[in-house]
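As structure tokens, one chain now follows by itself in the form predicted on its own.
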Amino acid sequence: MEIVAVVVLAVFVAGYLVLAGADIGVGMLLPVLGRDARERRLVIAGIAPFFLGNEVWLVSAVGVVAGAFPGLEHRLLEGLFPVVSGLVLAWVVRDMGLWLRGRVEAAAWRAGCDGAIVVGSWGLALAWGSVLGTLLVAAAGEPVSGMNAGTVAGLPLAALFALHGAGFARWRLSGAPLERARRWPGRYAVTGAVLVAVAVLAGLGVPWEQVRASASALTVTAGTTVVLLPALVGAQALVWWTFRGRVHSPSYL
């Protein structure tokens, strides 16, 4: 069951990086893709139907870690507490900007929320890059701890999120924001494949035998997630099919 749990966790993590990595990347590029208030609303409309559903993959991954690999949670929190804290803070700031920007009809309010989206998205990209970079370095033999070579390795991974967002913007946006997105070299399928590869390689840096739960906990966690995974994939596919077209007008956000 350990192998099944590892595979399921890899699917959830890779799914999060590919799907949520797109809206993180678009948020990073918001000032570049949208030059005025209307264009920024259009850019945000491109990710509006997806970002909450994309975050479900992360919640599911955390559930698998808590149930099947509690030692991994301890190692990450102990060795990368500042990074993980910054990640959670950036997540809250980014989502706060997305949810609150349409609550007040004032230019200054929306500009502040747009700033929160950009800052939060960059924070998420840098934090995830640092976590993944640290795990990649750990695969080469360096322990997971604080500010190390993994943090430096995470910088190009953060840039990868921006390219991934540009590739997603090519598919969803229209008008001037689309033309600006086309100036970036990102291709959604290519950057998505790279993110999947990064997730798999990062997993090689985890001592699974040392962080796994008991056999009964592994069985329950792996069995439950295998049953729920098709429903999650189906729901995600439905959302993507429903909103597969380009956006031409602002959304409720």
Partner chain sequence: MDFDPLMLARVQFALTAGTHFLFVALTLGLATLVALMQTRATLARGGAAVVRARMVRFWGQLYVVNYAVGIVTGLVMEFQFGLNWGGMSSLVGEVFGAPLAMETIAAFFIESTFLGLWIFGWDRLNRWVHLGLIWVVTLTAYASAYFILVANGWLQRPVGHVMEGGSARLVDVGALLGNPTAVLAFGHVLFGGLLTAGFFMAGVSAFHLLRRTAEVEFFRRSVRVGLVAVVVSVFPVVVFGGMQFAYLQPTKGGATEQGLAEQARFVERFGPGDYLPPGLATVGEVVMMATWGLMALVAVAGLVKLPFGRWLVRGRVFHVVLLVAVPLPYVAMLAGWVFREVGRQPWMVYGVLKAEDALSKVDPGWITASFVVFTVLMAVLTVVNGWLLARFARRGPQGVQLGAAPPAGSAAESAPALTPTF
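Residue numbers count along the first chain shown, from 1. Predicted model only: the values in this text are computed from it and were never measured.
The same protein also exists as the form predicted together with the partner chain; that form is not shown, yet it is the one meant from here on.
Novice: Considering non-hydrogen atoms and a 4.5 Å limit, does the partner chain approach His74 in the predicted bound form?
Specialist: Taking the distances in the predicted bound form, the answer for His74 is yes, it comes within 4.5 Å of the partner chain.
Novice: At 4.5 Å between heavy atoms, is Arg38 in contact with the partner chain in the predicted bound form?
Specialist: Arg38: contacts the partner chain in the predicted bound form.
Novice: Would you classify Val64 as touching the partner chain in the predicted bound form, given a 4.5 Å non-hydrogen atom cut-off?
Specialist: The answer is yes: Val64 has a heavy atom within 4.5 Å of the partner chain.
Novice: In the predicted bound form, is there a heavy atom of the partner chain that lies within 4.5 Å of any heavy atom of Val152, even though the partner is absent here?
Specialist: Result no; Val152 lies far from the partner chain in the predicted bound form.
Novice: Quick one: which of 189 to 197, 221 to 229, 202 to 210, 22 to 30 gets within 4.5 Å of the partner chain in the predicted bound form, going by heavy atoms?
Specialist: Heavy-atom contact with the partner occurs in 221 to 229.
Novice: Which pick from Pro177, Gly133, Gly120, Gly167 sits with a heavy atom within 4.5 Å of the partner chain in the predicted bound form?
Specialist: Result of the distance check: Pro177.
Novice: Using a 4.5 Å cut-off on heavy atoms, which residues of 80 to 115 contact the partner chain in the predicted bound form?
Specialist: Contacts from 80 to 115: Phe81, Pro82, Val84, Ser85, Val88, Leu89, Trp91, Val92, Asp95, Met96, Trp99, Leu100, Gly102, Arg103, Val104, Glu105, Trp109.
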